[in-house]
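The chain below stands alone and is given in structure tokens; this is the form predicted on its own.
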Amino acid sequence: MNLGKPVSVVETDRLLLRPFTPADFPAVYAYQSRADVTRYLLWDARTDDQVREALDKKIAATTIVSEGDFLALAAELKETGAVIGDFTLELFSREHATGELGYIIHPDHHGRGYATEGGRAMLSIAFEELGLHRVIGRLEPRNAASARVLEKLGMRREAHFVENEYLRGEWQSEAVYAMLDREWRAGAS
């Protein structure tokens, strides 16, 4: 694995994936404070102070060195400069060279392929730059739009854990998708 190298800016057709700055607070608050955005996440809609704390962590998350470290990149529209979401890549296991992909796109920008476009860039970082063997994506199975994103990225559904987490007063399930480095290479050729 090639860990410890900071990622600066990744350019896709329509997005700049870049490190977060304090100036991104209004954009991050605009989606992290919404209950419809956090409905299937492990955390509830956030307050002003909680978003500031989360943003501070994102600002610091530019390098992956150890298990639990994550890379957080703001998704900025090249056309307007607006931050519409974020992408994360966490080192899940150093020993097993496994990472986890995460993403949030503001609902005003859903349905335009931004999650797939940015997710593809993050998988490229995971496999081509960091040298990971496996990347997973986890979601609540009722989040059909997120499942479609992972499927468009070429990830396969590997597991469905039924009612394995008690969140927001209900039992929720979890689906796990995954891709191996050789599957990434085969799809990239």
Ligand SMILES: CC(C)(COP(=O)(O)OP(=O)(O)OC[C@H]1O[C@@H](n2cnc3c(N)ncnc32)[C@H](O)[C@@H]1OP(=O)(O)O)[C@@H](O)C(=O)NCCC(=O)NCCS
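The first residue of the shown sequence is 1; numbering continues from there. Just so it is clear, the model here is predicted, and its values are computed rather than measured.
Beyond what is shown, the protein has a form predicted in complex with the ligand; the following relates to that form.
Contact with the ligand in the predicted bound form, defined as any heavy atom within 4.5 Å, is confined among 48-56, 158-166, 66-74, 136-144 to 136-144.
Against the ligand in the predicted bound form, the set Val37, Tyr103 and Lys152 is in full contact: each member has a heavy atom within 4.5 Å. Within 4.5 Å of any heavy atom of the ligand in the predicted bound form lies no heavy atom of Val83. Residue contact check for Ala61: none of its heavy atoms lie within 4.5 Å of the ligand in the predicted bound form.
The shortest heavy atom separation between Leu89 and the ligand in the predicted bound form exceeds 4.5 Å. Under a 4.5 angstroms non-hydrogen atom cutoff, the ligand in the predicted bound form has Thr116 among its neighbouring residues.
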